[in-house]
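Just one chain is shown here, as structure tokens, and it is the form predicted on its own.
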């Protein structure tokens, strides 16, 4: 609580100063400077009153452009009271070159593909699930990658090609910040083996897209790695060490999105080719899968929008998977299903937003609920109060987080 009081005082001291965004032009160079100061606090509401997150963060964004060339940086400085850490995070830092038919971007950038709402089928780029579960603003779910991106715009079809030479994995919730189910909790010796940086391990992604009869259509191809590690014990009978590694992966997918029945229909699918386990007989490596998504969003009345999604993951070579699964290990479903519901209501001239997002898996019987209230106090200052509620068996995706139910508070001043 002392941290929260100090942060609020610091915030209003900051507001009392004359910090303003900067937009100027010097000798043909357009310069824009902005950012925010934020307090983000997430107390756990079960199994104790400790904090999952207690953080103050300052972000500075700088953009400069001249004659088709631009530079953009987004840098965070933060103090994390839970980890007692002062940190520096370069969220994005890239160079752009624009032309009429093609663009190039080089550097750290955040890339988002696909049409799903918090369901990622053809989005092969790293995510910070720990940030999402601990109540950070949604923008912190995506991580930046150091990449080369080339865009080509033609009348027939457009293309986006991405080359990622440096591997960046997903960030998952882990102790001591989170209380999670771990079948190997007694094994402390753990080694992470990330892919080496070389030409063979460079990740490649291609998106071809165009408008077809009023629908945005895309094709996707990816060659790289699973971003969530596989876990292999040194000895199944009596393990003393765990090896965490990232199997090779290729993905071939498509998506379609457009207006139907006064709403927006979203369709997406992909085949996940598990290159290191095509036979399905390695229990440590995820089998090949087909994934799909059907979603529909519509405004039901003024300033109220509802969105529903249904997705599925079908595992191939399921018999081989069951035969090689070690005794006592939780069994995955052959066909995992996931549904989501998002409800959003704006009030008071859209300065007040009430929202609710729910994940529910009919196959796993687990869920996550996210109610939130956000209010724009001024044009520069907003506050949000929400919660993350988990449930289900401890061996399911959301159920393993059941002891991490939390309430989060965000206060941000943007300039």
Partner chain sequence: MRKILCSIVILAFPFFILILSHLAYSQANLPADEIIRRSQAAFYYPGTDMKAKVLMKLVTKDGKERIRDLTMLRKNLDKEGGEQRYFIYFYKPPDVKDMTFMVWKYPGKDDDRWLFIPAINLVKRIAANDKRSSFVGSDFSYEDVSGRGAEEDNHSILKEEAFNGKDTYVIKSVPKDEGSVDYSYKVSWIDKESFIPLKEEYYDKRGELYKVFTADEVKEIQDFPTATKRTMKNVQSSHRTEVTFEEVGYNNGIGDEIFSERYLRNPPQKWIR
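What you see is a predicted model, and the numbers here were worked out from it, not measured in a lab. Positions refer to the first chain, counted from 1.
Absent from the display: the form predicted in complex with the partner chain. The rest refers to it.
Of the candidate stretches 256-264, 188-196, 243-251, 126-134, only 256-264 has residues with heavy atoms within 4.5 Å of the partner chain in the model of the complex. In the model of the complex, the partner chain lies within 4.5 Å of some heavy atom of residue 379. Contact annotation: residue 350 falls within 4.5 Å of the partner chain in the model of the complex, judged by heavy atom distances. The partner chain is not drawn, but in the model of the complex it has a heavy atom within 4.5 Å of residue 63.
Proximity of residue 375 to the partner chain in the model of the complex: non-hydrogen atoms within 4.5 Å are present.
The partner is absent here; in the model of the complex, the one residue of 105, 223, 169, 336 having a heavy atom within 4.5 Å of the partner chain is 105. For the candidate set 85, 299, 234, 182, a heavy atom within 4.5 Å of the partner chain in the model of the complex is found for exactly one residue, namely 299.
Within 4.5 Å of the partner chain in the model of the complex, a heavy atom is found for every one of 96, 99 and 215.
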